[in-house]
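Before any questions on how it binds or moves, here is one chain, the form predicted alone, in structure tokens.
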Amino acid sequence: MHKVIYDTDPGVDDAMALLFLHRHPEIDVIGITTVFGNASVETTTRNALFLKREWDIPAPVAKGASVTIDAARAEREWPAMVHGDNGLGNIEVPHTIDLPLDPRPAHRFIIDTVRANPGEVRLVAVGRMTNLAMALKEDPEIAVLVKDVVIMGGNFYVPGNVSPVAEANIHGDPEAADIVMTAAWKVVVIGLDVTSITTMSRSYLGAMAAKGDAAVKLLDGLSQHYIDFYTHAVDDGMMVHDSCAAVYVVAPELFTTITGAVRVVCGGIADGQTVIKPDGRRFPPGDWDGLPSQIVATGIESEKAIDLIRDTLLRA
């Protein structure tokens, strides 16, 4: 059984990944930590509590970071054109959810849970990496206690989605992402190289909703605004970014990967760019030397991944 802490900023594709993690029989979601990104942390936390209630998810929810780890960074506008004004595609969501939050901040929840389950916890992080970086700064030793970190973020051999060279989650807090990539733990980077070619059509999701229960019908409803946004890139469908990271937890064989040290550009016109020094390639001395070799996904069997998502979500 995979013990997973899901670090998230719900978010439409975050919601699909959460339902996948909750319903897969080999995954035990032991915590949900929230971060700012697709909306403010107040909104993403409310959304996490809403989905927890609607989908009867027992895992505790801990509220996380509201700003970048480098406080000097200017705040950016929330991507309402992608995820809607409320982060969940503008479906009706109550302003408050009558469920308790874990009293600890997200980074402390991560530290305590990892220390209570040494060598067992997999961190699946699909938003900005701020909570993970804060946990590392407060307790660096957790790096050797985490089983691995699977992140949705970055791009290596394809263009970015918020700039020509940067993906949104990394671009949202580059300093935090660089801390996470260079720490002494195993990181698996599921980025745009694989997520941008893994799409689900409106009709495919609609067929799932017709066959599925109320949870899948809710997912279908909150995804419509997101699908509308993607008309510029997908033929009446959506990229399922975050669910690809969730799929990796149980089906890594669906991915082609390379390994090497990864750094994140912090500042300038390439702010947020992820750059790998592939293992075995020789370069003059530089800022990738002596850093852990991480795993970067460069290929995916997209149809098999989509079918796995469907089959898992339809498990009532």
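When you see a residue number, it is the position in the sequence shown, counting from 1. No experiment lies behind these values; they were computed from the predicted model shown.
The form predicted together with ligand BDR is left out here; the points below concern that form.
The stretch that touches ligand BDR in the predicted bound form, counting heavy atoms within 4.5 Å, is 236 to 244, out of 198 to 206, 89 to 97, 236 to 244, 135 to 143. Exactly one listed residue, out of 274, 38, 47, 34, brings a non-hydrogen atom to within 4.5 Å of ligand BDR in the predicted bound form: 38. The single contact residue among 179, 150, 121, 168, judged by any heavy atom lying within 4.5 Å of ligand BDR in the predicted bound form, is 168.
At the 4.5 Å threshold, heavy atoms of residue 224 stay clear of ligand BDR in the predicted bound form, well away from it.
Among residues of the shown chain, residue 117 is not one whose heavy atoms approach ligand BDR to within 4.5 Å in the predicted bound form.
The closest heavy atom approach of residue 126 to ligand BDR in the predicted bound form falls within 4.5 Å. Taking the partner from elsewhere, residue 163 is found to have every heavy atom lying beyond 4.5 Å of ligand BDR in the predicted bound form. Contacts to ligand BDR in the predicted bound form (heavy atom within 4.5 Å) from stretch 57 to 93: 83 only.
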